[in-house]
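Only one chain is given next, in C-alpha cells, and it is the form predicted on its own.
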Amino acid sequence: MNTSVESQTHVEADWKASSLAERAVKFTLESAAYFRDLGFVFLEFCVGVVRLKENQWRYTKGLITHQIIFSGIDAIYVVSVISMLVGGVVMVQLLSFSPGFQTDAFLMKVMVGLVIKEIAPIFCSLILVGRSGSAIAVELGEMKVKRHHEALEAMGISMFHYFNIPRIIGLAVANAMLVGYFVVMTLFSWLLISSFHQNIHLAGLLDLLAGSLSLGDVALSAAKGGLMGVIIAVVCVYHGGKVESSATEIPQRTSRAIVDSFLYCFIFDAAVSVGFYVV
C-alpha cells in the first residue's frame, strides 16, 4: 500500500516538474518571438525612413506634425501641473531636510540630477503612454477591424508610411520636448516656492542651480525621453497591428500595450542610468 502511494506521489511530482518545464520553455519561446517581432517593427521603421521618397514624405511630414501637436503640445497642460507639483514637493522636502540647503552644493546637485535625469523622462513617458500610446493602439486596432488598412493599400497608400512612421517619429520628438519643458517648469516651481521663504536668497539659489545644472544632463534627459517615445510607439503599433477581426481584441491589446510600455520604459531608464553611472 505504501509502495503504491509513494509511486503515485513520484508520478505526480514528475508530471508537475514536466509541466513546469514545458511552461517555462513555452514562455521563453513566446517571449523570444515577441521581442523578435518588436525588433522587426523597429527595423522596418528604420529602413522605411531611409527609403522614404519625396512624394511619400509630403503627406508623412504632415502626419508627423499632427502627431507632435497631439502628443506634445496638447499635453503641456498636464505636464505643467505635474512638473509644478513635483518641483513643489521636492522643494518642500529640501526645506524640511535642510533649511540652509542653498549653501549645500552637493545636496543641490543630487536633487537636480535626480529630477532632470530620472524623474522628468519617466513622468513624461507615463503621460505619453496614457494619452498617446493607448490612442495609437486603439486607432490602429479599429482600422484593422474595419479593414481601413485594406482601403488605403487599394489606393496605393502605404499603411506603414501613413501610420507607423508618423507615430514613432512624432512620439519621439514630442517626448523629448516634454522632458525639456518638464525640467524648466520644475526649476521654475523651485524658484517660485523659494521666493516665499525668508531664509533663502534667490541670487544664491540661482548660482547654486547654475553650478549644479549642466547641458550634458539636460541632453541626456531629452535623449532618454526621445528613446522612450520610440519604445512606446513601437510597442503600441505592434499591439494595435495584432488585432485581427474582433472588436473585443482592441481593449485587450490596448491594455497589454500600456502595461508593456510602462515596463519597458522603466527597464530602459534603469539600464541607461546604471550604464551611465556605473560603467
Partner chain sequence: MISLKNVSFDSSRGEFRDVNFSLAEGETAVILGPRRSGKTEFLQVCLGLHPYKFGEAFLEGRRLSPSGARSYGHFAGEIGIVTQHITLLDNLTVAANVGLSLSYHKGLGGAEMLKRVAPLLERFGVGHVAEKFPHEITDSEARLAMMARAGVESPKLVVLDEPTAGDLDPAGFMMVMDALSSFNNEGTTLVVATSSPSVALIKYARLYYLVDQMLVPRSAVSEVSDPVASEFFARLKEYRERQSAETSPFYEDFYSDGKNRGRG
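Positions refer to the first chain, counted from 1. Computed from a prediction, not measured in an experiment: that's the story for all the values here.
Quick note: we don't show the form predicted in complex with the partner chain, though the next part is all about it.
In the predicted complex, at least one heavy atom of residue 52 sits within 4.5 Å of the partner chain.
Mapping the unseen interface onto this chain, residue 74 falls outside it, with no heavy atom inside 4.5 Å of the partner chain in the predicted complex. Although the partner is absent from this view, residue 139 contacts the partner chain in the predicted complex, with a non-hydrogen atom inside 4.5 angstroms. At least one heavy atom of residue 150 is located within 4.5 Å of the partner chain in the predicted complex. The contact with the partner chain in the predicted complex, taken as any heavy atom within 4.5 Å, belongs to 154 out of 114, 154, 89, 192. Highlighted residues 40, 131 and 134: none comes within 4.5 Å of the partner chain in the predicted complex, counting any heavy atom. Judged by heavy atoms within 4.5 Å of the partner chain in the predicted complex, the contact stretch among the candidates 74-82, 117-125, 184-192, 159-167 is 159-167.
If you take 46-65 and check each residue for a heavy atom within 4.5 Å of the partner chain in the predicted complex, you get 52, 55, 56, 58, 59, 60, in sequence order.
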